[in-house]
Structure formats: structure tokens, C-alpha cells
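The chain below stands alone, shown as C-alpha cells; this is the form predicted on its own.
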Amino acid sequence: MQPSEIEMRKAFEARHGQLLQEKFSSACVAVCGLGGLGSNIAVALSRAGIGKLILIDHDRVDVTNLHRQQYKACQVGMYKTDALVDNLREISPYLSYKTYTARITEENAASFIESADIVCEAFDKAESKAMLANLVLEKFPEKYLVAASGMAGIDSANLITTRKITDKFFVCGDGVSDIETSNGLFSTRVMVCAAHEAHAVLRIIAGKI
């Protein structure tokens, strides 16, 4: 039987404390890209009771995604935005989810993320990463940006770290590995990097970073 909203709120507060949970519950986080990084970030933040997630991706779930992304085999062919919200509502049904089923571009990104307190970059391509980082840093200097660089291959997961670039810009990853030059993406390393991004978000909200 699904717990009530009151029961879930009390469970969150029991884990995090009432004051910290109030901060989590009032926060809005945008996750840009819902692949291996983004879908895992969204799950982690939902489990922490983040009040609102803005989820942005244009793609559909493919069978090749299932080894590292938070989707199910029965969701192949669905838009990732729709499939992920279905999954997140099974985890945290009383949180708020806003979706944009669209490719993020320099022209539309601002309208998608303007209401977010923190922006998570979770793209695969370097040019998309650079575009979003430049846009947030230039147009939204008041927002926090958490990005990723380097998680491919089967090297040690302990090489993945969180680096503080500026007061409001953080980069998670090993800073070196690239999918084009490594032997592919492994769910374990991708999930570690996603956990670094999600944990950086929680620490920002908590005022610990």
C-alpha cells in the first residue's frame, strides 16, 4: 500500500532532520539530459525529497540505454521524460515534476531552467556541455551549476571527484576519460559520477559547499 504524503514527509524528516528537509522540499533543480547521468541524478534527488525537478530531454528510451539508465525494458520507445516521471512517481509520488520533451539549445535553454535554483548538466556531447555551462554562467550568474566531465571506461571509480571551479560552478568526474577514446560506458562508473552530481546538489542546498 502506498504511504500517505504525511507519512512520506515524516520519513524524509526522520532521515534528514526537519530543517534540512524543509530546504530540500523547497528547492527546484533542473536536470538537463536524462540519459545515464541525468536519470540517475533524478532518482537520487527524488529519493532525497527534492521538492521540484525540471526534467529535459528530447530522446526516447532505447534498448541500448537499459544497462546504465533508470528505465525499464517495457518502456523502450517511450519519451524519456514520460518514462522517467512514471518511475520517479513510484519512488516519490508527492514531489513535483515538470518536463520538457525537447532538445536543449542555446535558444530555448533559458526558458527551461529559469525557475530552477540549481542546474545539473548531464549531456553526452562536449559541445552541449559547453553551451549550457556558458549560458548559465553568463545569463544566470545567481544559479548554481553542477556539471560532469569524464566517467567513461572501466578505470577506478575512485578517480571520480567533485571539483569546485567557482563559488557556484562544480564539475564531477575524472576530467580525463572520453567515450570516443575509452572502451565504452559502464553503469557503475556513470552511476558514481551521477551520485557525485546529486550529492553536490544536496550539499549546496544544505549550505555545506
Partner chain sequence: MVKINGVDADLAGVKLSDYLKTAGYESKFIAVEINLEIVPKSAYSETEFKDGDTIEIVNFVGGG
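What you see is a predicted model, and the numbers here were worked out from it, not measured in a lab. Residue numbers count along the first chain shown, from 1.
A second form of this protein, the form predicted together with its partner chain, is not displayed here; the remarks below concern that form.
Peer 1: If contact means a heavy atom within 4.5 Å, which one of 43-51, 146-154, 24-32, 56-64 is the stretch that engages its partner chain in the model of the complex?
Peer 2: Heavy atoms within 4.5 Å of its partner chain in the model of the complex occur in 146-154.
Peer 1: Check Glu127 for me: does it contact its partner chain in the model of the complex (non-hydrogen atoms, 4.5 angstroms)?
Peer 2: Close contact exists here: in the model of the complex, Glu127 approaches its partner chain to within 4.5 Å, heavy atoms only.
Peer 1: Within 4.5 Å, heavy atoms only: does Phe123 come near its partner chain in the model of the complex?
Peer 2: Close contact exists here: in the model of the complex, Phe123 approaches its partner chain to within 4.5 Å, heavy atoms only.
Peer 1: Using heavy atoms and a 4.5 Å limit, would one call Asn134 a contact residue for its partner chain in the model of the complex?
Peer 2: Yes, Asn134 lies within 4.5 Å of its partner chain in the model of the complex.
Peer 1: At the 4.5 Å heavy atom threshold, is Ser177 in contact with its partner chain in the model of the complex?
Peer 2: Taking the distances in the model of the complex, the answer for Ser177 is yes, it comes within 4.5 Å of its partner chain.
Peer 1: Pick out the residues of 70-107 whose heavy atoms come within 4.5 Å of its partner chain in the model of the complex.
Peer 2: Heavy-atom contacts within 4.5 Å come from no residue here.
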